[in-house]
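Two forms, one chain: they're shown below as structure tokens, one block per form, named structure 1 and structure 2.
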Structure 1
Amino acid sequence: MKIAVCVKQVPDSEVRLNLPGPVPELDRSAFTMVINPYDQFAVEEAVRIKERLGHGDITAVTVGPAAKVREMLKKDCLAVGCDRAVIVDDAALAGADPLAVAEVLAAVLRRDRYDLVLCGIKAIDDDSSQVGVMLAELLDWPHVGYIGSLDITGDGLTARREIEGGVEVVASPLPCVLTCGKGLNEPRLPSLPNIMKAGMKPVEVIDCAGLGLTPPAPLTAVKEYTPPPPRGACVMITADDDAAAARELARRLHEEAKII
């Protein structure tokens, strides 16, 4: 089983933006960068599949500047069980939107022919939830999105995905693209010896030309970023005791806020 896992480097979830007002671009220079937490579920699932089958080869693929993403690939992918990594590093991809990124990833995946591709359900920076599904379309493969459990059976798979008010059970042949969510597994942490050994695993750095691809032009662009509207001060409800405060809260939600 040849598996690819697509990963993205994103700002840490603790990052604060504190925009003074509308800005044309975010200053990302001080952000601490980490692997997208959803991609960790994808990496872990790939490693578990390989462990269960007793064979397989896992490639982590990312689009981004090699100097920045190398450490992430080593620590969060190669040290936890991926066998190799591909970095698509091309300055022309700086403003890439999800469809452009999907086209680049599709070029890598077509070149190397995989049986299964795992992605995170979304990246926690632009929160788009698009790349995995677009990738499936560009490869002309089926996909199952937002999976919460997975069973590989010979040349196919069965996955469960949460929908509003229930769960869908989806069966698909291979090859297939899966997008992975929380609940699927508990990602393992890399051990120190494995991080050391990961340094020996092959990492290929390539650009669009190397993939025989003209850098795809983005179809969307961010005009500006604005801070969220300020929220009014919190009305603290005080009363003789907690139960009285609760009744006062209910009254205000009924009379002032008119919600109940």
Structure 2
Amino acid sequence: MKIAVCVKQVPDSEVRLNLPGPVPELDRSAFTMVINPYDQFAVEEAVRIKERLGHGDITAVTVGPAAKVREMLKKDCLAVGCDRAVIVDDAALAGADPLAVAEVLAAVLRRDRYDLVLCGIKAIDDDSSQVGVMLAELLDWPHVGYIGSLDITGDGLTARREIEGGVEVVASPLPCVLTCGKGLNEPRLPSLPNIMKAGMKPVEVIDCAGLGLTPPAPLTAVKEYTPPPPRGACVMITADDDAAAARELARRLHEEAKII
């Protein structure tokens, strides 16, 4: 079975932004960059599928500058069980929106003919939750989102996912696109020997021209980054008893804050 895992490099969630006022672009030079946490669940599930079946080939695919993403692929993908990686490195994709990224990933996946594609449910930098779904649409493949467990059976799969009030069981033929989230598994940590061995695994670097693709123009753009408004001062309510304090609180929430 040929499995592809689509991954993205994002700023670490511990990064603190120094944003004194509105700016057209963030200074990312000092950001600590990591693999998108939700993509780690996708990588781990791909490796577990290969281990359960006893065979398979896993490719990690990403879009971004090779000089910046190569180490992430080595440590968080190749060192934990992926067999190879593909980097689409094209300056024209700087600032690409979710649809442009999905179109580029789809070109890679069509070229190499995979049986199963795994993605994280979203990236923590933009929270768009769109690339996996768009990818399935562009490939004309079925899609199952936010899977909680997975069984591969012959030429199909059965996935379970939590919905409001229960669990939904979805059967799908292959090929298929799955999006993975927290709770699906516990991603393994790379060992030092495996990190060293990962350096010998093949990594292909290609641009849009090499895929026979004109770089997609983004349909959306971020115009401005603005810090959140400062919090208002805390207002203390004093009253003779608890009931009076509750009435005054309800009045202020209704008449002043207008939230009830």
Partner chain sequence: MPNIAVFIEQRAGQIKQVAWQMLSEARHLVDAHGGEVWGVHWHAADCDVSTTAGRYGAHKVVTATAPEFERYDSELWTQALAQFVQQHKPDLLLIGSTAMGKDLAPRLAARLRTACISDAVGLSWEDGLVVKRPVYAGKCFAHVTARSVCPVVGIRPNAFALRETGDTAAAVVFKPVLDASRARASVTAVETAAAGKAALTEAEIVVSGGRGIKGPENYRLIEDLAGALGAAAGASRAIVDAGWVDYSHQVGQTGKTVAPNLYVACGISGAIQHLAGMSSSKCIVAINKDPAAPIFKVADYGIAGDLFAVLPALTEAVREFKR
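Rigid core (definition): largest C-alpha set, two forms, superposition within 1.5 Å. Keep in mind the model is a prediction, meaning the values are calculated, not measured. Just so we're on the same page, residue numbers count up from 1 along structure 1's sequence. Residues that one form lacks are left out of the comparison.
Engineer: Is the form predicted in complex with the partner chain shown as structure 1 or as structure 2?
Structural biologist: It is the first structure (the form predicted in complex with the partner chain) rather than the second.
Engineer: Would you say whether Asp115 is displaced between the two structures, judging by a C-alpha shift of 2 Å or more on the superposed rigid core?
Structural biologist: No, shifts by less than 2 Å.
Engineer: After a core superposition, would you say Cys234 shifts its C-alpha by at least 2 Å between the two structures?
Structural biologist: It does shift by 2 Å or more.
Engineer: Could you check how many degrees the smaller rigid part rotates against the larger between the two structures?
Structural biologist: Between the forms, the smaller part turns 36 degrees against the larger.
Engineer: Among residues found in both forms, what runs of at least 3 in a row have Cα shifts of 2 Å or more between the two structures after core fitting?
Structural biologist: Runs moving 2 Å or more: 162-167, 232-260.
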